[in-house]
Structures are given as structure tokens and as C-alpha cells.
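We begin with a single chain expressed as C-alpha cells, specifically the form predicted alone.
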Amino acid sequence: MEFDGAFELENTTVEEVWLALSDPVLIRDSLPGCEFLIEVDDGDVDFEEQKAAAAERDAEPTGDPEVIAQRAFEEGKRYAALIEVSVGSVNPQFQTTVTIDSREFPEMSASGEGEASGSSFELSSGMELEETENGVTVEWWASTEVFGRIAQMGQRMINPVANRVVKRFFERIQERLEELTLQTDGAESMVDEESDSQGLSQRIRDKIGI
């Protein structure tokens, strides 16, 4: 199954969006149905153990480039997520592992696999950011192979679900960007004045190496 699309994020910069999409904590909080998203080693992942430990993690979304740089996605690293998505009459919890295949500003790609309740999938995905007059366009794509019960529902049922999840995800990213106003030294807002925005963009570049 092939999926792709574009989403417009307003009143922001490519650097700010890249920073937001580099933060596993913000992604976790923006992805509908996601209970946790953490870096893991190679090998089997004990999802029940990770779920139980999730409540003890106190990491919160932040606008501080230094904090995000310390926990940002890294090329070659593997991450595990537990995600519940309603598909038709079922609400499977997908135990998912994803590897960041490439991450070079302003593009990122990943691949992974997951399973839930007699169903499984394999995927590859990617995104590219492009500056626009009003903000940033996120071009995204995904290619998946789905097996088991969910596959039997067919793409005509799965497509609307995937589009709904993606749409809600980017809406939350937009909301987070507005809420956090990615602060500079705890004082100035992220997009207060053009000069401040340009200064923050350079600070982001410096801190996360782009």
C-alpha cells in the first residue's frame, strides 16, 4: 500500500519544524494513540515492560533546542512505540519498531515493522520540508505491506484511517509549535519579530548541527 501527501504548517520556519519533528517526546504526544516512543537496542522489545515504565518517564515537550538536541532522533538508531489505532470495528495496539535510515536536513526517512492481534505490517517512510511564503510544507510518503486481519479489510478502509491519523498528527504539531513558541533563553517568543526568528533559526542550526 502506498500513501503520500503534503501538509502546510503556518507561521513557522523549516528549522523550527525540523526541530519539532526531531523530538521523540513531541512526536509521542502528537501521534494519536501513542503511549510511548523510546530508543531501544537491537533485539526483542518487551512492550509490556516499556508500557509499565512509561508512566515513570517525566520528559515533556520543550522549545529548548539544547534539550531537544540531546534526545533527538539519530540516524541508525532504533525506536519502539506502542500505538492504538481504530480500524473499522477493531482497535489494535501496534507494537512497532522503527529505524531512522537517513536524517539529513531537511529530509528524513525510516523503516520498521509492527504487529497487533493477528495482524502485522512492514513499512518504509520519509519526509521533506520546504519553506513557503506562509510557513513550511511537509511532503511525506509511506509504503507498507499489511498482513493478517487488518489486511483483509482492504486499502479502501485503511486509507481513510491512515489519512485521519496523519492529518491529526500534523494538526497537533501545528498546535504544539504555537503553544511552545519555542522560547529563546526563556524570554522571547519564537516568531516574535523577523530578526528574532532569524536569530532563533541560526541557534537551532547551531545546536542540532544543520
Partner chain sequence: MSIETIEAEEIDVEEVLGSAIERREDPELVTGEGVYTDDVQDPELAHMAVLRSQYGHAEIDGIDTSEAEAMDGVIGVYTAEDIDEAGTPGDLPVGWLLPDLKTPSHPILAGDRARYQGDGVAVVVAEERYLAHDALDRIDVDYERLDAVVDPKAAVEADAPQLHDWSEDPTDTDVRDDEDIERVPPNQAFDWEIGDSEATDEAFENAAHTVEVDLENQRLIPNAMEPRATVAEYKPGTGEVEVQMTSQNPHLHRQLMSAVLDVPEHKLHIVAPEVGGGFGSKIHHYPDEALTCWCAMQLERPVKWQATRSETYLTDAHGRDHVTHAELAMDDAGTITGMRVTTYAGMGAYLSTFAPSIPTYLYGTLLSGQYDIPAIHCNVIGSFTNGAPVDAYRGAGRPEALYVVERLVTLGAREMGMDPAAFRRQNFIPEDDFPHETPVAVVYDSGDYEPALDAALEMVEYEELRERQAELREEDRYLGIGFSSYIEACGLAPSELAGQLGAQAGLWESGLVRVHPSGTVTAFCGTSGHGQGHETTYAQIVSDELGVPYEDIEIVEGDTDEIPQGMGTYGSRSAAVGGSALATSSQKVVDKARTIAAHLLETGEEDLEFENGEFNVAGAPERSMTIQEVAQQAYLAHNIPEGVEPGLEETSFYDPENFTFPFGTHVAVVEVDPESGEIEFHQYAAVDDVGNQINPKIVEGQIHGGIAQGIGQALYEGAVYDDNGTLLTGSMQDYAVPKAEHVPNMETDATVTPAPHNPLGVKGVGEAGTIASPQAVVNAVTDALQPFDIDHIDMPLTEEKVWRAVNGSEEGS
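Numbering follows the first chain given and starts at 1. Keep in mind that what you see is a predicted model, and the values were worked out from it rather than measured.
Form predicted together with the partner chain: not shown, discussed below.
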Subject >> Close approach of Q155 to the partner chain in the predicted bound form, 4.5 Å, heavy atom >> reply: yes
Subject >> Contact test in the predicted bound form: W141 vs the partner chain, heavy atoms, 4.5 Å >> reply: no
Original post:
For V146, is any heavy atom within 4.5 Å of the partner chain in the predicted bound form, or not?
Top reply: yes
**OP:** Answer with yes or no whether E122 is in contact with the partner chain in the predicted bound form, where contact means some heavy atom within 4.5 Å.
**Re:** yes
**OP:** Note which of A59, A69, A53, A151 lies within 4.5 Å of the partner chain in the predicted bound form, where distance is taken over heavy atoms; exactly one does.
**Re:** A151
Original post:
the partner chain isn't shown here, but in the predicted bound form, which of 129-137, 113-121, 72-80, 99-107 has heavy atoms within 4.5 Å of it?
Top reply: 113-121
Original post:
Where do N159 and E128 end up in the predicted bound form, Cα atoms closer or farther than shown, with a change of 3 Å or more?
Top reply: farther
